[in-house]
Structures are given as structure tokens and as C-alpha cells.
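There is one chain below, alone, in C-alpha cells, taken in the form predicted on its own.
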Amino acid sequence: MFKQSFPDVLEAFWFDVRMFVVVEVVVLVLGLAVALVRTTTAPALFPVRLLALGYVDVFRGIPTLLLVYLIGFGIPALELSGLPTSAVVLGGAALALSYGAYVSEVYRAGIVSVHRGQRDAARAIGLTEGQALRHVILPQAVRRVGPPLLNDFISLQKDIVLISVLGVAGEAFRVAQIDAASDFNYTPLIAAAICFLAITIPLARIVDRLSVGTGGVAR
């Protein structure tokens, strides 16, 4: 049964990998943008900071599975023109919104951990606030939060399976479910689990290595 189901599960797993890469790029950009907004001190940006805080509080507080349901089924139910109805797009958007909130806090922790003297030194040599952030603060912050970010990558890679609840036919877990339901033999689910382990275990070892190198502890 494993030999029979594994090719189909593996083919579907590549869809998971592509989905993960696209969503992760969105998460990294979204998380960084929210973190930068939350760390700015410009009085004029107070309303934007308030919106960013609300986004983080709301999307960190809603379970990811519930968010996938709300967006994946709720938006098509509105029947508004111009809104996407694809389960893949809506499921990916739900995951990006959820993980973007978590990753923004990881970024923010890295930014605030950089000593104020680094910013002052950069300004003293003639860099603008934006240049100091780009060339001095952000490189140090990103290097410090590498292990936590990789942990979030691992979690996202696993949570891609949540879009299967929207009926995405080409997702690995969904394919394994269908194969298993045909004769109540759950070996295809083991095949799916092995595919995910092939990605998550190497990533976990990279996190361990980075954590040791930076003196941190992997979550």
C-alpha cells in the first residue's frame, strides 16, 4: 500500500512545498513591514502603529485553523465581486496573515535588541535614520532572530496541510486522506508524514546549529 500511494502523495507534496515558499515570502515581507511600523517613534505614524498593533493582537489571537475556515469559507460567502474565491489563494492568505503576525514580533524583538548606541554611532558618521536602519540595525537584528525565524518556517511548513480543510485537491494530506478512505488503510498518511519529516528534520538541525552558534536555545 505504501509503494502504491507514495508516488501520488509525493507529487502532491511538491504542491505543499511551492505553497510554503510563496506564503513564506509574503510572511517575511509582511512581518518586517509591521515590525518596522511598530518600532517607529514618529508621532505622525501613531494611527498606523495602532493599526499594526491591532493586526498583531487579532491574528495572533485567532487559531490558525479557525482563521483558515473564516477566510476560506467566509469570503466566498460574501459573494462580493472582485474578491478571490480560489481555495488555494484564500488558504494561503489566511496562513500569511496568521504567521505574519508572529514573525513581526520576532523581527521587532530583534530590532529592539540592538543597542541604541549602534543607531547613535550610525547617525554620528552622517547616515540618515533610514540608512542607519537599513545598513546597521536591520542586518544585526535579522542575524539575531535567525533561529526563531527558522522555527516559524518549520511550523508553517507543517501548517500548510490546514488548507486541505478547504477542499484543495492537490495537497499532500488531502491526497493521503482520499487514498486512506478508499479501503480504510492509513498507510498513505504515513507516506505523507515521511515527506514532511524529510523537510522538517533537516531544518530542525539547522536551527540547532544556529542556536549554538548564537548562544540561543531553539524553541
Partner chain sequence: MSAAPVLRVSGVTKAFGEREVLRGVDLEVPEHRAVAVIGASGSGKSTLLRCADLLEEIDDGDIFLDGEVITDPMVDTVAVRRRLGLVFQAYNLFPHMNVIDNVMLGSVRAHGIERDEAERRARELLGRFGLEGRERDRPDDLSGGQQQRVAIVRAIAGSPRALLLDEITSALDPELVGEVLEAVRELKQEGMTMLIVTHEMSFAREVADEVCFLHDGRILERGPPAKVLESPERPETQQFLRRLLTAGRL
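Positions refer to the first chain, counted from 1. Keep in mind that this is a model prediction, so the values were computed, not measured.
Although not depicted, the form predicted together with the partner chain is the subject of the following passage.
*Asks:* Decide if the three candidate residues K158, V161 and G170 all line the partner chain in the model of the complex, where lining means a heavy atom within 4.5 Å.
*Replies:* Zero of three within 4.5 Å in the model of the complex.
*Asks:* Which of L83, I125, V89, A109 has a heavy atom within 4.5 Å of the partner chain in the model of the complex?
*Replies:* It is I125.
*Asks:* Within 4.5 angstroms, counting heavy atoms, which one of the listed stretches 92-100, 73-81, 109-117, 145-153 is next to the partner chain in the model of the complex?
*Replies:* Within 4.5 Å of the partner lies stretch 109-117.
*Asks:* With the partner chain taken in the model of the complex, which residues across 134-155 come within 4.5 angstroms through any non-hydrogen atom?
*Replies:* Contacting residues: H135, V136, P139, Q140, R143.
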